[in-house]
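Below sits a lone chain in structure tokens, taken as the form predicted on its own.
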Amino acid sequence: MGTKMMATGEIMSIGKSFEAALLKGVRSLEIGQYGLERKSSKARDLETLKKRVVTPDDERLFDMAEMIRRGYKVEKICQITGMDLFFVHKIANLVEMEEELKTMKLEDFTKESLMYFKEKGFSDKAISRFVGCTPPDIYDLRKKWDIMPVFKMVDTCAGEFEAVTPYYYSSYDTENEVVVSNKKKVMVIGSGPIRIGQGIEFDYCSVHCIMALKKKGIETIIVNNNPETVSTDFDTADKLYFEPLTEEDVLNVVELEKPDGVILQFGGQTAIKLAGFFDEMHIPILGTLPEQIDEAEDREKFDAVLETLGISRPKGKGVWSVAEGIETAEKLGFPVLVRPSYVLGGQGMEITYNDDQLKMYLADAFEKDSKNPVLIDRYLSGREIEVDAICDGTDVYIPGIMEHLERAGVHSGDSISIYPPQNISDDMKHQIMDVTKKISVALKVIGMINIQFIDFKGELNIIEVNPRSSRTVPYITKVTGVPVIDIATRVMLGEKLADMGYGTGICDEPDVVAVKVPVFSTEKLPQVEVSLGPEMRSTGEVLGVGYNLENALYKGFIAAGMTIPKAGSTIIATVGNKDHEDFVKIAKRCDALGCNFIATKGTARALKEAGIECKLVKKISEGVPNIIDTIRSGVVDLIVDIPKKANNKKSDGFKIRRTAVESSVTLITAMDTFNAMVNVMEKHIDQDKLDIFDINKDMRK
């Protein structure tokens, strides 16, 4: 951390003491931390810790706690970090309490001692980890001694006037300031902190769900911890609980309010992860039930469902060892898509092309997590298609089918998404509708479902099914005029699609084209891979709307901060052998438009053999001036770098891509994106004559 902002989101926590608020904040981060003792910090020696805390990073808090744990003086920490003594003393207090807990057993607790730790902000899970018991053991003790949190209203008037905002936080205190009503009420679980893979789109869904519930005269309650979002505005829901989205913290609110139902499917993966726990605690869930959610999330169960329905998917298997992984990959055939199970935003996904790459990936994956399998699928390079659908248990309604510009292998959150689809036949649309209905009904979906398909040589394959809302819901809602979340919420309350006036099947398509183009923040994050792949990297998106695809793409590219080359522009290219043929076809069109090429040896040879003039540039290892120097010189307008393999920080490709983003030069890492940009260039679109849209009129029939 430094003067350049790197965060993609934040959480807020409120407690009656600094210690309680800090521990709430730590567990709100969703990094598996429930206290200040962290495995990575414990593994470091004191000298390393001393060096690390001087420069702030995301583990500084835990490194400081570890130094205190080893007896390092608080005053010395203040001296080397510049941190105020007040805060370091507070952190030291928590470390001291953690060490005290380690000396205790379950039977050592008294009502007073347990109340003390709860007042200081320790969760049941944190206490149980230090003591060596289970969270339910601590929960049972609290129940026995009636140690339960109360909820305090946030004083939004600073004591000047009586605060009446229904905005609460938990505290282990005496007086409860919440008035629980007898009205019919529904609780919506938010999406927590914004981060790559789970963005503001899910907050959009939560807020529109609240609006739909209010229309039905239902009291609305939201639980969330993100201060940036609309869902945590104190006038969005009837009641707002600003709490960590953990099992215990959410259960505390449920036990107080006793809602008629809880909605999980609009809070992304954060909320869906609570489904199993809610089921165990007999908390009523509206919409798709936990059993069906598990059926969609569990690889083997989902494969069994597809087998029963006769639906194709890329062949694959969950493996538990490197040897089993190699054997599986050889049966499937390279390339294969590998990923950890139960991931968010494609985290840790990679395409591997040979044994060596796969061995390296598997060894690293099992070292990080040996308790879950690694999933290996045959990689199919086809057209990716996505739908957000609504199911009432019998009928299905698809507001729109979205086509991805980039072929499969690029995460859906990073791909350019096109609506209505430009290359999907009516027959394929009928297949998509049929398969979506079969899966939705088989999984007993009530509400939202997101499905990603691959059209591989004319055959429809399923990649992924998410029994919840997805990041494309706001996009498809805006470009179709269909109030997706309103309809889904009404379905969860028991209404039928056939009675709502929207019909069933696929919604009619508009006469205009809308594209969603991703936006990246990789220039802010040093040493982070920027090429597109199965792991999501974008931090936002823009929308381009036009009367044809090229106009819409032009607007999308410009809005996303990309430069579209003009006649005389200079393009620098470095492309692997396997992509030379496709690249040359596109490069010929650029040449016809008057573009100039600079390329590394192999790419330059391919261009010259095709009759395209090209200036040779040295690779990094071939001396100076080389490709890095050329990029930094400011003479390049566009960089086309199609990587053989991402995530190798020592490779020339990685260094080239990092230099590109740090030099603010438009970088393209997918051939399909390059082709689309050249399509736009060939149209010679004049920015001064672009169509202006009123989305309320032009996108709706």
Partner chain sequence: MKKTVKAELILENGVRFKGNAFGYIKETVGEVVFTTGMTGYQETLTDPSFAGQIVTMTYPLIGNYGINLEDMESRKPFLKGFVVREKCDVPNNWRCEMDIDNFLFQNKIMGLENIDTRALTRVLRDHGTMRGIITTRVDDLTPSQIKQKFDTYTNAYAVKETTIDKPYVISGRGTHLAVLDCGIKHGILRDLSKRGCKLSVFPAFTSAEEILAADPDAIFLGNGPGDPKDIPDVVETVRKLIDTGLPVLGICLGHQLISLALGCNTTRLKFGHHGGNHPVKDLKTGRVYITSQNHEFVVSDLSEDVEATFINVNDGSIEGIRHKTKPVYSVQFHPEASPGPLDTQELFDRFIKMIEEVKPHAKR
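Predicted model, so just to flag it, every value in this text is computed and none were measured. Numbering follows the first chain given and starts at 1.
There is also a form predicted together with its partner chain; it is not shown, and the following applies to it.
K.L.:
Using a 4.5 Å heavy atom cut-off, indicate which stretch of 605 to 613, 379 to 387, 413 to 421, 149 to 157 touches its partner chain in the predicted bound form.
P.N.:
Careful reading of the contacts points to 149 to 157.
K.L.:
Can you work out whether E300 and its partner chain are in contact in the predicted bound form, taking contact to mean some heavy atom pair no more than 4.5 Å apart?
P.N.:
Flag for E300 set to no.
K.L.:
Please determine whether K120 contacts its partner chain in the predicted bound form, using a 4.5 Å cut-off between heavy atoms.
P.N.:
Yes, K120 is a contact residue.
K.L.:
If you check in the predicted bound form, is D499 within 4.5 Å of its partner chain, heavy atoms only?
P.N.:
No - in the predicted bound form, heavy atoms of D499 and its partner chain never come within 4.5 Å of each other.
K.L.:
S113: heavy atom within 4.5 Å of its partner chain in the predicted bound form?
P.N.:
Contact check for S113: yes, within 4.5 Å of its partner chain in the predicted bound form.
K.L.:
Select from the listed residues D279, D108, D369, D173 the one whose heavy atoms reach within 4.5 Å of its partner chain in the predicted bound form.
P.N.:
So the residue touching its partner chain in the predicted bound form, by this definition, is D173.
K.L.:
May I ask you to choose, among E177, D629, E464, D260, the residue with a heavy atom within 4.5 Å of its partner chain in the predicted bound form?
P.N.:
Selected option: E177.
K.L.:
Is every one of F18, H89 and E162 within 4.5 Å of its partner chain in the predicted bound form, counting heavy atoms?
P.N.:
Checked in the predicted bound form: all three residues contact its partner chain.
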